[in-house]
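What follows is one chain in structure tokens, specifically the form predicted alone.
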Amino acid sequence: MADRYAVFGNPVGHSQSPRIHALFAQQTSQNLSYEALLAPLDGFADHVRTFIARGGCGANVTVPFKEEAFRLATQLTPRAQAAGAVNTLSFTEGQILGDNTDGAGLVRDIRINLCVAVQGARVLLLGAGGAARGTMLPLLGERPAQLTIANRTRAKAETLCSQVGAGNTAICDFTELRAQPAFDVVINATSAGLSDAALPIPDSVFASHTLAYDMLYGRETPFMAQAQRNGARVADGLGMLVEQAAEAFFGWRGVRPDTAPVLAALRAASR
């Protein structure tokens, strides 16, 4: 029988994960099944335990359950501990291992798919919520010249850095960015694009050499439009989605799939 995997979320019907993992399995000749499972808002842990009892080998976790998955795990990887959230669960020998592959997926997309070096770069991370926290440790692992965390409220950015224990970081609110020169990489980890809201950031953070990266995918956000107006190269988060899935797949199966054809297939389907 095929090994069982799933993604838990609410909502979850829109998830691209079943298609991504089916393509990974086909490419790597892995005998597995992968499904999207809707968990009730008050029943995530019970649904995961039922899935384990029925032979589940691992699962991805999407909104709004990543923090609950963190609490459910009996063991945590260092990057999950730093993120304070879990998006990948592995079930072995009665244990639930929690991992967070989001930051690794972001870094791999920027470095491999977009061919932009984070090492030695001036990087600006916008936002201080869960998405930003999940990326900080992998970003710092690339050894940027400096990582600047900017948020509407400076205090929340300071709290984020203290939680992660991040060194070599600068902290500011959005208004203080006016005193900064353009960055090499600007990453939008806020949810502003979901409501088509513009961020109160100055045009001066962008230049022709800047990569402006929005973690959202499937739409052009006001952040991306602002970056384009100021000559920056823009990218959405679809590559991050595929790369974080590949990182989870590697953790489960011990083989890393080639993400390029999978990403190309998803891009083609979205046109």
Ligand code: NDP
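Quantities reported herein were computed from a predicted structural model and do not represent experimental measurements. Note that residue numbering follows the sequence shown and begins at 1.
Beyond the structure shown, there is the form predicted together with the named molecule, which is absent from this document and is the topic of what follows.
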Ala131, Met215 and Leu241 all contacting the named molecule in the model of the complex, non-hydrogen atom within 4.5 Å: yes
Partner-facing stretch of 177-185, 193-201, 88-96, 111-119, counted where any non-hydrogen atom is within 4.5 angstroms of the named molecule in the model of the complex: 193-201
The single option of Ala189, Ala82, Leu124, Ala104 touching the named molecule in the model of the complex, heavy atom within 4.5 Å: Ala189
Contact assignment for the named molecule in the model of the complex, among Gln163, Gln146, Gln75, Thr153, heavy atom within 4.5 Å: Thr153
is_contact(Gly237, the named molecule) in the model of the complex, heavy atom dist at most 4.5 Å: yes
Those residues of 43-80 which, in the model of the complex, come within 4.5 Å of the named molecule by heavy atom: Lys66
